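So this first bit is one chain, no partners, the form predicted alone, shown in structure tokens.
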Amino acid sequence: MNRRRLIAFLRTFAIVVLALMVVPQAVPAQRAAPSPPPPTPYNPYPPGILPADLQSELDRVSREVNLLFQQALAESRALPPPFLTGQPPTLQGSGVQMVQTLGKLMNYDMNMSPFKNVACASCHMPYAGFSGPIPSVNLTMIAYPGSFRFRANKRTAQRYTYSPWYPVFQFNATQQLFFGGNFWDSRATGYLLQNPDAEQAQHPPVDTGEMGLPDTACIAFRLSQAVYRPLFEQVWGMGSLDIKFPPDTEKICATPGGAAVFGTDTTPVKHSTPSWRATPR
């Protein structure tokens, strides 16, 4: 090999070596650190209290509740518009059906709980006589888990078909017994509203062992966001949900009642009063 070829060869070799030195070398892939397991929620119950099929049964009931909600939503959209007549003006035509359908929608609306996983009907299903629909719970826990799954109330879910017909809590002089009121202990007396059923309806949404909302204002807030809000306003009047809620309302309503963050505040949603209520007539 002559001198010229040797120099050319060495030059080419040097270029190749230099290229190998500056080209980034493959770095062995590092294994991603495994994610820590989610914390196990505190379960206060001793073994044998919670039925083994509790979660799967709660999921089943949630699917059934959602199906009935969707049916009610379809019914509401198929209703013909009502008409006002008479003095005072009252809804005629489909007016009664509108009220019934609105009640059905609210009864099967799982948004009426902090975690949007429990409706009124979750503990009062039609095929169970409007009581608890999970056999294993009826045989063990008796009381049903609320929106916060490891909270449950003290009594079994009462069949509420009786509730519209009970009078205001009163003493019956003939029988020498107290009579009327709603709930097992008649604590929804109906004194203030003169309607035990209307008073009873206020309790479960904010009961910490049931639907668990931290403030009754959360009911109006969730209604204001509901897909069926137009039907609600058609029944109760335009502007009935025109409430100015603070920016943190969703955060508050997504926190179960009784949380330490609320302290002793039972009305953490600081909303403004609608003008139609602020001005007495």
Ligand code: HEC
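One-based numbering along the sequence shown. Just so it is clear, the structure is predicted and the values come from calculations on it, not from any experiment.
In what follows, reference is made to the form predicted together with this ligand, a form of this protein that is not presented.
State yes only if every one of 217, 256 and 270 has a non-hydrogen atom within 4.5 Å of this ligand in the predicted bound form; otherwise state no.
Checked in the predicted bound form: no contact with this ligand for any of the three.
Could you confirm whether residue 115 comes within 4.5 Å of this ligand in the predicted bound form, counting heavy atoms only?
Heavy-atom contact with this ligand at 4.5 Å: absent for residue 115.
Should residue 169 be classed as touching this ligand in the predicted bound form when contacts are defined as heavy atoms within 4.5 Å?
Output for residue 169 is no: heavy atoms all beyond 4.5 Å of this ligand.
Mark residue 140 yes when one of its heavy atoms lies within 4.5 Å of a heavy atom of this ligand in the predicted bound form, and no otherwise.
Flag for residue 140 set to no.
With the cut-off set at 4.5 Å between non-hydrogen atoms, does residue 209 touch this ligand in the predicted bound form?
The answer is yes: residue 209 has a heavy atom within 4.5 Å of this ligand.
Looking at heavy atoms inside 4.5 Å, which stretch does this ligand contact in the predicted bound form, given the options 70-78, 93-101, 172-180, 116-124?
So the stretch in question is 116-124.
Pick from 184, 191, 165, 83: which residue has any heavy atom within 4.5 angstroms of this ligand in the predicted bound form?
Here the answer is residue option 184.
Sequence-ordered list of residues in 121-157 near this ligand in the predicted bound form, where near means a heavy atom within 4.5 Å
Going through 121-157 in order - heavy atoms within 4.5 Å of this ligand in the predicted bound form - the hits are 123, 124, 144, 145, 146, 153, 155, 156, 157.
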